[in-house]
Structures are given as structure tokens and as C-alpha cells.
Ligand SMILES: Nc1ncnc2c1ncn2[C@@H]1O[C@H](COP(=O)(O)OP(=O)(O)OP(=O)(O)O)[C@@H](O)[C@H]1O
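One chain follows as C-alpha cells, the form predicted on its own.
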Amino acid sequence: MSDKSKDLNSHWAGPMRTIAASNEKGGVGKTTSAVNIAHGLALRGRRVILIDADSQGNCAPSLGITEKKGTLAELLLGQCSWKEAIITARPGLDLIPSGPRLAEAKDGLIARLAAENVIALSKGRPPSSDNNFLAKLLQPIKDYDYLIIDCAPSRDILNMNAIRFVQEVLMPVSVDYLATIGAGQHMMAIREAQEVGAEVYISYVVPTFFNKRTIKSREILTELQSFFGNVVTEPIPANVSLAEAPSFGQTIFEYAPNSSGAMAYTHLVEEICRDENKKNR
């Protein structure tokens, strides 16, 4: 093993990095990226917790998990404990799964916030600006190197909570015209979070479904690089194995470790690991 490989696979002793895999446009490979990056980091000795904040709940089946004692929804509603919600998905990788009840939990958060503001106004106090329920819920999590949130493709209260909680946004963008529009819209959401004091920034823009043989893919990749600069990573190719792996409950490193998709996510995970010294501040 080279010294470089040893460095990437050694345990990182810095503060926990918090990353949202987020884009308001759906179908861009967001969950695929979140799951494979989380497992790739765990394979390199990092302690990772993956939180599924999408009501479609695709993280659990992508990891072959069918039994759930509790989900993020029950946590938000105060109906289960941390112990019931956290599942050991792989060595070094824990998961807080999601499910259909997350929509109910989001409605409950909105109702709770409205009630608190009504009570405050009735007592002559201004409405509270501290409405990040997700941050309050996740604040106790300390024993990990990485906390990764797989966000839903929308701009709702939970996703805005997530963006305001994390330090970094990893934004997958499929190399098609509509996805680039979605990326621009998502940047506006991040700027809104920054304007209310969130110290969040885009650390990685990940081009997905890239086909180097098509002019369209190459042109859109060039546009992304021109607009976002050096936060654009090496592209993730359009790869059959990446599409097939979740149906077997496996990550790309388990299902097809020699595929182009596995190689691309390996490079991305290595880039994230190399950046650890930059984030250790």
C-alpha cells in the first residue's frame, strides 16, 4: 500500500463533517451518491451516519435494510428513541431511515412552529427565528466523522432545516439542461440560508449520468466547470451497475467493485478524504 493510500485510509481525528446531498431537481443521482459516498467513507475507516430526509425512503432498501424499528419521522414526532431509529447498515456506517410518515412529521413541524409563534405574539413577544427543529434533533450526534443527510428534491421546511444545519452541500447535477436550471434554483436556497446566518457552502458539485461520447454531456460539463469552478468533481458516468445495485440491496463497491461507477465513486470519496485537512479548522 502506498503512503498516499495509507493517508486516505487512516482514521481522521478532526471535527465531524456535516454534508447535505441536496438538489431541488429530482432524478440526479442524489441518493445513489449519498449511499455510495457514505459506504466508501466507512470502507476507509471513517465513522459515518447517513440520515434519510426524503419521504421516499430509498436509503434503507439501497443498503438491503427492510426492518425498521423507528425512522426520522418518528424521531421528529417524538415517538421513538435514538436507539430505535439508528440501524447499523455496514461496519462503520449507521443509518437513520425514512418513510412515508415523514410528510406527516413535516406538517407537524409547521403546525408546531405556527402555534409557538401565535403564543409568542399573544404574549407580546416577536415570533421565534430559531425554527430549525432538525438541528435541535441532530445536535446530540457527536460520535461520527461524517454526518450525511440525503435530502428530498424540494424546498420544504425539512430541507431548509438540513441546509441550515450542515456545513457543506454536495450537489449532484445530471448532465442535462433542466438539471442545470435546478442547480441554479438550489443555489438560491443555499444563499437564503446564508442570509439568515447559516455557515453553509457548496463544497462539491458532482456531475452525474455523464456520457463522454455525447457532445451534450461534454458541453454541460464545461458549463458546470465554468460556473462552479473547482468544486466540480470528476463526473460519475451513466453506468448500468449503479442503477442495478440498489435492487440487490448493495452499494456499488459490493455489487460491481470493478465497474466504471465504482471507480468514479472511489475517486470522489478519495477527494473528500483529501479535503479533510482543509476542513479541520
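Because the structure is a prediction, the values reported are computed rather than measured. Numbering starts at 1 and runs along the sequence shown.
The form predicted in complex with this ligand is left out here; the points below concern that form.
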Candidate spot 28, 243 and 246, all three touching this ligand in the predicted bound form (heavy atom, 4.5 Å): yes
Location of this ligand contact in the predicted bound form, chosen stretch of 211 to 219, 226 to 234, 30 to 38, 250 to 258 [non-hydrogen atom, 4.5 Å]: 30 to 38
Heavy atom of residue 153 within 4.5 Å of this ligand in the predicted bound form: yes
Residue 43: touches this ligand in the predicted bound form, heavy atom cutoff 4.5 angstroms: no
Partner contacts in the predicted bound form for 45 to 63 (non-hydrogen atom within 4.5 angstroms of this ligand): 54, 56
